[in-house]
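Each of the two blocks below gives one form of the same protein chain as structure tokens; they are labelled structure 1 and structure 2.
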Structure 1
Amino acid sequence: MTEQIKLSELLDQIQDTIQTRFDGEVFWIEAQIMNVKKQAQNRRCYLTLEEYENGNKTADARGVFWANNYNQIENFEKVTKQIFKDGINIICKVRVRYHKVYGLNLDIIQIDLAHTLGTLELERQQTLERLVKENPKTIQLFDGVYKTLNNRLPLPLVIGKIALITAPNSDGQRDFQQEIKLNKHQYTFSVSEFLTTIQGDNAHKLILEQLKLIEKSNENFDVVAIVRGGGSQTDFKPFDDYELAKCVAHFPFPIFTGIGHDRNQSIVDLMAREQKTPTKVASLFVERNFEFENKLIELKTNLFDLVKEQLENAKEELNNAKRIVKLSSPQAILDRGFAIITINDKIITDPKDIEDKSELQTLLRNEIIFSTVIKKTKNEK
């Protein structure tokens, strides 16, 4: 009879062999994480580490973060500004561990954050380069600034009709609406809400759908605002999507974004007009209308000042004309010692009109002299 051993004895041997082979060793590996199950209360995370080549899975292994290394996940989310979730490619330090009940696991000790950040930035730069290359007439890069068809659209003098893309019952929705409705100048705005999920794996597709609805609505919106609430800054990846960024860059209404804070800038921000937060977007709309009102007041003041100045100038010219007319009157001429010669009550200004034996009336200040011409000679002096 063949010698038998217990399963546990065999697994003990496997465990001893693995422990002997890998005792004290750690390895850096690159893999894609899947089936992520975080247990924040217990500070544990279970997941699968997978490797792919040409779209085919070539290897996988169970991985686990124990409590003493759970802070690696927290640091990852804090630094990369994205959720630690399925589909992310990471480089991590692991230790091999085998248990006869739980099988083979890789204890994850450390995540290489520099690699993750580099991967995200590389993807982002590739998307930006593609946008410029495939849309050379409408998306251009000048001195580090992206000029697009959208962010070069002229803004209306007054902003009245706003299309708002945001998540329902979110901080972004509340902050924007509160700033718009309670503005200190008491301006009235018409805000049409297009509510959708703003973050998550399919957020870019949902936001794109809302933009298409706005374009097809036949509403002549002055501006479009895309806002998300503060607090959670863990996932801005949807706003780095190529198709969404391209749509924003070509959109027919000016788009303003308030989807992050000072340290965050998405590709969509670069294609539109970035204002960082929902409150700042709303404040900009209010202030633009305030600037227009001030310009109207200034124009009104300038117009009144100009009219007043013109009236004063005209009044002065009229008074000058009156003085000239008064000084040029026949009586004024007589008062200055001059005489007026008339023939048959017609004032004579040309001596040629005076003939020999003409009967003249010479008007002086206080008298009229009647005379007859007996001779005319030239005044040589």
Structure 2
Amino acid sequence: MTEQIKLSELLDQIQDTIQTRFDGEVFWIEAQIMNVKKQAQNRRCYLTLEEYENGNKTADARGVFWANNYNQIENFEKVTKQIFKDGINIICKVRVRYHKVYGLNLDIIQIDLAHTLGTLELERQQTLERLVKENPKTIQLFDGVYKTLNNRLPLPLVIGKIALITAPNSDGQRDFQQEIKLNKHQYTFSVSEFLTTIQGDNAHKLILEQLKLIEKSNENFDVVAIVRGGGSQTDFKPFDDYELAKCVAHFPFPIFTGIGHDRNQSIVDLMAREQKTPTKVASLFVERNFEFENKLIELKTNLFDLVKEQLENAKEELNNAKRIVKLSSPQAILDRGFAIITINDKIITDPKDIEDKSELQTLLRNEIIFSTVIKKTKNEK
């Protein structure tokens, strides 16, 4: 009978061998994460690290974040604006550990955020390039700014009818509605809500569906607002989706985004008009109407001032005319002590018309003097 040892003895040897070989060593590896099971309560995360070549799996190992490294996941989600979930490619620092009950595990100590950000940025750039290349007439890049059919649509002077895409009972919905309803100028808006999930794997499709609903509703909306509350862990990816971005770029009503982030812009932001938060989008609508009202008040004031001025001018001109007419009446001339000399009822203004022996009538206020000219000399005064 061959010599046999207990399983635990064999596994002890394996453990010893592995420990001797890998003790204290760490490795940076690149892998795709799958079967991610986050246990936020006890701050652990179990997953598998996998590698593929031409679609075939070529390596697979269990990985785990222990409580002291769980903040790596939180940090990852915060910085990359991406949920730590199945299918993501990461580079991480691991330590090899073998346990005779739990088997081989890779303890994940650190995630290389720069790599993930780089990958995301690369994907983002590729989507942006594709948008411009496949829609050359409607999406153009000028000096780093994306000009789209949508963000070039003129804004109505007054905003009244708003289509709001947001998640039900979310911070974004509450903040937006509050700013609109309690606006300090007491303007009234009509807000039609198009509610949907705005985070997660299918969010881009769901938002797209809501946009189609708005388009099909035959309502003449002044603007569309897509808002999402900040503060929570935000998944940025839906807003970098090609189809959603393309739809936004071509949408017939001006779209404003307030999807609660401050690090950089999503592609949808670039295709539309971007405000950082739901509150800012709502307050922009209020301000737009406020500006219009002020212009209106200014115009009205100017109009009344101009009319008043014109009327005053007309009165003054008429009074001048009245004064001149009054002074010109023959009686007024005589009343002021002047005399009017006439020959045959024609007023004489030129002495040349008077000759020796001319018969003059001198009109005074109450009398007419008839006389004959006996001498004419120059008035030397």
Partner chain sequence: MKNELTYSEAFSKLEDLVEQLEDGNIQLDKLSTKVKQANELIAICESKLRSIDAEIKVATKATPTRQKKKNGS
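Remember, predicted model here, so these are calculated numbers, not experimental data. Numbering runs along the sequence of structure 1, starting at 1. The term rigid core refers to the most C-alpha atoms you can superpose between the two forms while keeping them within 1.5 Å.
As summarised for this chain, the first structure is the form predicted alone, and the second is not. Relative to the superposed rigid core, Ile33 undergoes a CA displacement smaller than 2 Å between structures 1 and 2.
After superposing the rigid core, the Cα of Ser192 is displaced by less than 2 Å between structures 1 and 2.
When two forms of a protein are overlaid on their rigid core, residues whose CA moves 2 Å or more are considered shifted, and Gln125 is not one of them between structures 1 and 2. Core-aligned Cα shift between structures 1 and 2 at Lys326: this is 3.0 Å. Taking the core as the fixed frame between structures 1 and 2, we note the C-alpha of Thr372 moving 13.0 angstrom.
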